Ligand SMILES: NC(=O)C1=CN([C@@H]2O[C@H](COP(=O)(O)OP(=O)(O)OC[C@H]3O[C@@H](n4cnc5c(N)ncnc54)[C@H](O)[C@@H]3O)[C@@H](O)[C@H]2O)C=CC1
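This document opens with one chain alone, in structure tokens, the form predicted alone.
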């Protein structure tokens, strides 16, 4: 039997996850809505007060997901679209979230997913370029370090690329870093937000713990273990699921959280700042023209890319290791297109 507090928690969307002011109308599409990330992501977006219309697409299962999610008692309308209805799914859409693709299995890295997911993301990007050329695109499909450049090049070929409207969702790294730091320091996660820069795979994930509350107190072997867990937290989930999938629920949460941040910025809210993987000048002189760092979101998408700030010697070493790996990942994506 549910306790009353649990019933209340289910009945009301989390105020910490979602925030709204006087809302404009935002139609959001989820491409890959029938998958392990897409289904919980769609449910969470249905609870976001800034989403007025939810368009769910997949090569299989999306109409069923839409029928199910559509019964949730929030104001947004939900429509599901089958494999041959991608153009209809994208009609009038302001934000496109792409979790489509295959999940990781034990022993696989994000880069192992490249051959399958690269073509899926390219084809979806081409459809967005055709049917919703002014939409903001949020890429969840891994490997993000490569799929975001694939989307950028696909949009460029269609002459509709606007770097302010393309985002790689690295929020799961931020969520993990914040949660893991809170656990190590015996604090509340709300008190230990962590900025994570670089990319979204293994050694390209660089948590800036020294800038977080309590982060400087973690040193030595404890720091090394924490950084490793943040960088390879996905492996922890893949192993625990024992071949049954990867980080789908936490990724859905992170995807919904970033989508809400973007919608708040598009809605005119000021001071919405969060890490995300975007076209960036920060390390472009080193051949890394996409990079995750704190980005201020506004009515046009990317409003300002913030500098990283002061790093410790350990963090500088992590960043120096991340740059060449990130450069290879980005070039791989560009060369695919």
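Numbering follows the first chain given and starts at 1. None of these values were measured; they are calculated from a predicted model.
Same protein, other form: the form predicted together with this ligand, not shown, and the subject of what follows.
- For the residues 80, 103, 265, 215, the 4.5 Å heavy atom test against this ligand in the model of the complex is passed only by 103.
- Scanning 29, 37, 51, 297 against this ligand in the model of the complex with a 4.5 Å heavy atom cut-off leaves one residue, 37.
- Every residue of the trio 60, 113 and 169 has some heavy atom no more than 4.5 Å from this ligand in the model of the complex.
- With this ligand left out of view, the stretch that reaches within 4.5 Å of it through heavy atoms in the model of the complex is, among 89 to 97, 242 to 250, 159 to 167, 218 to 226, 242 to 250.
- Contact check for residue 128: every heavy atom lies farther than 4.5 Å from this ligand in the model of the complex.
- Heavy atoms of residue 197 never reach within 4.5 Å of this ligand in the model of the complex, leaving it off the interface.
- Shown alone here, residue 117 lies within 4.5 Å of this ligand in the model of the complex, counting heavy atoms only.
- Heavy atoms of residue 140 reach within 4.5 Å of this ligand in the model of the complex, making it an interface residue.
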